[in-house]
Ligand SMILES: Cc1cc2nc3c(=O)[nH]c(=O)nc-3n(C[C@H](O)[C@H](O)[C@H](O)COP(=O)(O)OP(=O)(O)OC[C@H]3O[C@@H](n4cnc5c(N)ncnc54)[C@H](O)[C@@H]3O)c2cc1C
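There is one chain below, alone, in structure tokens, taken in the form predicted on its own.
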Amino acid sequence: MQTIAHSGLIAPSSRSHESFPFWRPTDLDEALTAIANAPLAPVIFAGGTDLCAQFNEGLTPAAMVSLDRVVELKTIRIEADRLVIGSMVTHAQGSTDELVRRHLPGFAKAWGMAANARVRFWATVGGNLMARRVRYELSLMLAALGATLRFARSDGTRFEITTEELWTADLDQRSLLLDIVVPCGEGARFDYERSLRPTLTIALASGSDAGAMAAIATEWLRPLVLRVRPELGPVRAAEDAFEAMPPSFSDPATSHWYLREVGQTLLRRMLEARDGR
């Protein structure tokens, strides 16, 4: 039964797994202590929506730590010109939050498009990122926004990485994602184009200066960040940005040529919409 379930032929049940220790801390210090003291690296339980997929893929936890009672990870606040979003903020909470809507309304709108209504009320931004699945949309949005991820360990160590580095970073399984820091200074703007998803999705972000960054991704390809120079005009700016797209950016369903041509068209339209054309 266990072999069949872990092969993905049937959905595993509670009887498919050996028992394991489960912690449900009530504050951040307790959570970090539980993660550090688990006999083996624990699975960190956030909203649980991706965990279901992991069980179907054969996950066998040695220990588990649930973060659902850690209030410190569920807040959104402003620090200087940055939004600080707790890792346990759900899609529904984040997309409707007053601060997010005030400082980055385009991001709030795009965030509210992720998944479906049922998932949005449970899935968290931290779980979305730490699953490291390219088809999940928050990593694409946050890459364009130039967000950073802040982690902690029980020994007091704190460190941060960029959203892009998340895909290659050798993260200690006993490190906990605390929050996501998103620049949102005066003039910050975010636009999102997902009409061709999953073939190609584009996020476009800019600050108060003339520079901008676009992030592109497909169902199989992790986000690629491209510099955009709006001062060149929509057509030339789109062409210039996609000149930096490497030939290796193609997937089993779509060629590099198609992704470049369609990407340029979508980005040009996004820039034209910004200009009111």
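Every value quoted in this text rests on a predicted model; they were computed, and no experiment measured them. Residue positions are given as counts along the sequence shown, with the first one as 1.
Although it is not shown, the form predicted in complex with the ligand is what the next lines describe.
Student: Identify which of Ile44, Ala34, Leu224, Ala212 has a heavy atom within 4.5 Å of the ligand in the predicted complex; exactly one of them does.
Tutor: Spelling it out, the residue with a heavy atom inside the cut-off is Ile44.
Student: What is the one choice in Ala147, Leu200, Leu104, Ala123 with a heavy atom within 4.5 Å of the ligand in the predicted complex?
Tutor: Only one listed residue qualifies here, and that residue is Ala123.
Student: When the ligand is placed as it is in the predicted complex, which of 181-189, 76-84, 154-162, 130-138 ends up with heavy atoms within 4.5 Å of it?
Tutor: Of the stretches listed, the one contacting the partner is 130-138.
Student: Can Ala217 be called a contact residue for the ligand in the predicted complex at 4.5 Å between heavy atoms?
Tutor: The answer is no: Ala217 has no heavy atom within 4.5 Å of the ligand.
Student: Quick one: is Arg194 in contact with the ligand in the predicted complex, heavy atoms, 4.5 Å cut-off?
Tutor: Residue-level check for Arg194: yes, a contact with the ligand.
Student: Taking heavy atoms only, is Met245 within 4.5 angstroms of the ligand in the predicted complex?
Tutor: Heavy-atom contact with the ligand at 4.5 Å: absent for Met245.
Student: Is Leu51 close enough to the ligand in the predicted complex to count, meaning some heavy atom within 4.5 Å?
Tutor: Residue-level check for Leu51: yes, a contact with the ligand.
Student: Select from 170-184 the residues with a non-hydrogen atom within 4.5 Å of the ligand in the predicted complex and write them out in sequence order.
Tutor: Ser175, Leu176, Leu177 sit within 4.5 Å of the partner.
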